[in-house]
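In the block that follows, a single chain appears as structure tokens, in the form predicted alone.
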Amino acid sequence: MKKKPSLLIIGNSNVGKSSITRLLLPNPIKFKGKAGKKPGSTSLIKPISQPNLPYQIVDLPGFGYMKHSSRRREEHIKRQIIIHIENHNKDYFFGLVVLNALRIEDEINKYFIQNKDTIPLSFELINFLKEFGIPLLIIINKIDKVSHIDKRRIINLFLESAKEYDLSFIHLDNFKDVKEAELPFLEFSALKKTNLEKLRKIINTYQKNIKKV
């Protein structure tokens, strides 16, 4: 049997990767992943596949922001992820980098505004994945948890700060006009299923495109 193409889902702990995985599955009841109850619980790198899903999903372990995890464990998980991407990047037709809207401001303040010698983990991760040429969509999850005003402020801070690391983003609604150096981003809520159809549509577009190559 021909191996299905892989969709990558990656991000820090407790950003909603498992919840998004559930939303993409034809039969989410059979998915055994834990959604949001225990940060860092997706500890095994194992593809998730179902008969009616034309691709398989790899929900990589979360790292960073683990309240009950040692720095040594976090570094171990990070190394495992790096090794996995280095060895399997060609398996991925598309990648979802999931961010938590509630944490973006704190991360940028701590690792960019207050300390110019460090880099926010989210920007480091995105730049790392870009090196392998994996097409990416940045998902800003949990937008239902912030007000409209706060959401605008957070996203603007994210977009402006990213420029310092040679990262340029464009809203998914403007994806037809995207330039080669730009990455699309999508405001999302796994809880409210906000923009779920847009997410499914872009995944299917990339999945169908690989058949033409």
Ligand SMILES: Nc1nc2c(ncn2[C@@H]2O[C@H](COP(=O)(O)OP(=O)(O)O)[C@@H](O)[C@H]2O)c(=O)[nH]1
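The shown structure was predicted, so the numbers you read here are calculated from the model rather than taken from an experiment. One rule holds for the numbers: they count along the sequence shown, beginning at 1.
Although not depicted, the form predicted together with the named molecule is the subject of the following passage.
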query: is_contact(D144, the named molecule) in the model of the complex, heavy atom dist at most 4.5 Å; finding: yes
query: In the model of the complex, L191 touching the named molecule (heavy atom, 4.5 Å); finding: yes
query: Any non-hydrogen atom of N195 within 4.5 angstroms of the named molecule in the model of the complex; finding: no
query: Those residues of 6 to 21 which, in the model of the complex, come within 4.5 Å of the named molecule by heavy atom; finding: N12, S13, N14, V15, G16, K17, S18, S19
